[in-house]
Ligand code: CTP
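The data below hold one chain only, encoded as structure tokens and taken in the form predicted on its own.
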Amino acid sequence: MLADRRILLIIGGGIAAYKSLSLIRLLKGAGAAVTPVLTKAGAEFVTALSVGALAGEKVHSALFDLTAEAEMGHIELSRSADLIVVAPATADLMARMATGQADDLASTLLLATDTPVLLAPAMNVRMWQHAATQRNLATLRGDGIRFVGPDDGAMACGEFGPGRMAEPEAIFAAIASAFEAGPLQGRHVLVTSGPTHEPIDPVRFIANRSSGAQGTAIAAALRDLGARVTFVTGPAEVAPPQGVAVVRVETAVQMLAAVSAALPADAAVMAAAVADWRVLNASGSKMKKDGSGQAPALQFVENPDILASVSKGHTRPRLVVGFAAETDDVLANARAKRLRKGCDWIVANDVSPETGIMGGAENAVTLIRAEGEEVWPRMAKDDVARRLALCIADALKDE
């Protein structure tokens, strides 16, 4: 299963570092080659001698190794592996990854690589639950970083809760699964995301409060299941995920053109918050007050219906998923929208201001299908995305 796979193992600081020794044994026993990187903090808990003896390879720790750096050794290390595993991944190392710092060998390797990365977090429960760590977690997941754990359990500090590093066997299983073909391997999925900006003049536009977080999370979740993802995004606040084909647009008309160009696809997830109207008489120069007290008369025209175009087009994907962001009569409006647009599923959610969902980190949705409805509890948008991606994989599996 892991024969001849090359694993770059970064061992961070923390008492959980001792588990890395057992992980090396498991990987070597499965035929993998393990190249260890021991951070300065990690060396406080395990020795380079024990790590190197088990791995059977040189232990790397210094960024400025003159012999290696003559050939850009840190670049070679970061790109010659099939997978980079960080175990334990401390709160500090996660923070430096999320902000793109590169002030030691480990962080430099992680910034210089295009190799898949798997983190096994380990830290105090309060550190794990801190808002800063959770923001960093969301950023890293959006960047395509995979995670295993942390688990709930007793910690060396005497506290109990989430933050305990996953056991070596669980990390080993996560490593093995990273090399398996996902259920969407060979499938092409189109995802739209973010708002559209409809110009009034060169400096003003009509938009909405969509951050693009949900669409981004869905694209990442589909990618993680092996799909080839085309990600058509409006000017969103959230950066697009890595490992997908990104097409950036501004307006609804541009989004329709990009969507049409991306077809055919096996599935389409239309999560973008597309403006219903655009300004027909948009000005080519900035509009200015003239002192009359009269506002300019803006003429509006309906934007193209992208969801209906995809659902009813001649290159219709096997599965079309729409979104219904509503403030009133959520389910009734969403059910009617599914029938009117001709899509297979509608993901309905209440975006009333008091919910904090539009632009927030969580979502509460109802998945509406012809065969029934599923009410999902409020959860992180990443978790909504993973659940929806699994539903999509299940729907396409027998095709």
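Owing to the predicted nature of the structure, the values given are computational and were not obtained by experimental measurement. Numbers for residues come from their place in the sequence shown, where the first is 1.
There is another form of this protein, the form predicted together with this ligand, and it is not shown here; the text below is about that form.
Between this ligand and the residues Ala81, Leu105, Met97, Ala324, the one pair within 4.5 Å by heavy atoms in the predicted complex involves Ala324.
In summary, among the residues Ala178, Leu137, Ala275, Ile145, the only one with a non-hydrogen atom within 4.5 Å of this ligand in the predicted complex is Ala275. Among residues of the shown chain, Pro304 is one whose heavy atoms approach this ligand to within 4.5 Å in the predicted complex. In the predicted complex, at least one heavy atom of Met270 sits within 4.5 Å of this ligand. Residue contact check for His60: none of its heavy atoms lie within 4.5 Å of this ligand in the predicted complex. Exactly one of the stretches 240-248, 82-90, 315-323, 214-222 approaches this ligand in the predicted complex with heavy atoms within 4.5 Å, and it is 315-323. Shown here without this ligand, the chain has Ala325, Glu326, Lys337, Arg340, Lys341 in 325-353 lying with a heavy atom within 4.5 Å of that partner in the predicted complex.
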